[in-house]
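For reference, the chain that follows is the form predicted alone, supplied as structure tokens.
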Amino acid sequence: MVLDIIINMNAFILDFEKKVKDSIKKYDLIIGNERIAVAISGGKDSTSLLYLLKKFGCNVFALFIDLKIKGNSDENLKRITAFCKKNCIELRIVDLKKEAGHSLLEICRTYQKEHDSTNCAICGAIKRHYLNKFAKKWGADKLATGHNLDDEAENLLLNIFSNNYDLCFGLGPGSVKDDVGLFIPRIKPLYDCLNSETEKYSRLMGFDIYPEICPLRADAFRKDVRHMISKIKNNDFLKRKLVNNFLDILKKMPAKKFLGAVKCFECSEPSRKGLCKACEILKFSKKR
């Protein structure tokens, strides 16, 4: 009985690792010895991704944005530091307080005084900004994120329900490369993996994951979409069909052009208008 359990566990681990490796090959996510920055948060997805890319022999380093969320950021960074040391992985840290002058909570509070925006939306803009900036600064060819199949299905539906169809072009296992080199290409090696599979892999591998969710997390709309999907029979099959059908649609469309990247006049990072979203948010913190 015990032997059967061990055999099944090992079989799952091997199958999961093969699935990730096959996705990298199928979607041409990593070519040769490209230097890959892995956006690490301390969660199961990004930790599993970092471990696997290192195991596969990829040229990787971990990139952590320290958002200075009391308790949460410190606990995640402690575990990430130990994990990287154990696995001989270079860890690079961006201190938000040093870069922007304020913690994420302070930034959210000042921006929300004049704008109807969620903590998650603000956090997403800030993290995208600094991940792109420092991945380029530290010589990465690509930025890998831990988005899995569940994330992709949810994002696709969120964009459709919110009438943000243009944002759908940013989905897929690899991002659209811009002609002027402002955005570092992003890849999602866990693209074909279910959330439940990544959770199981992380648990079987014994990764030290901080169990508490972010105290600023409050994306009610995403929760509604996730709940809606969970209520559908055979929802794992539905998620795969939804994502795969969307990829088929993209393949049949004319070659996608990058959506109007220009340099932000404040920070010179990419934007779709004169002032990038991160600078728009951060300017309210500077008023304090």
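Residue numbers run from 1 along the displayed sequence. A quick note: this is a predicted structure, and the numbers were derived from the prediction, not measured.
A second form of this protein, the form predicted in complex with a small molecule, is not displayed here; the remarks below concern that form.
Among heavy atoms of His147, some come within 4.5 Å of the small molecule in the predicted complex.
Shown alone here, Leu131 lies within 4.5 Å of the small molecule in the predicted complex, counting heavy atoms only.
In the predicted complex, Asn235 stays away from the small molecule, with no heavy atom inside 4.5 Å. Contact check for Leu53: every heavy atom lies farther than 4.5 Å from the small molecule in the predicted complex. Residue in contact with the small molecule in the predicted complex (any heavy atom within 4.5 Å), chosen from Ile229, Leu242, Ala39, Cys58: Ala39. Residue in contact with the small molecule in the predicted complex (any heavy atom within 4.5 Å), chosen from His115, Lys200, Lys78, Arg217: Arg217. In summary, the region of this chain contacting the small molecule in the predicted complex, judged by heavy atoms within 4.5 Å and restricted to 159-167, 205-213, 138-146, 191-199, corresponds to 138-146.
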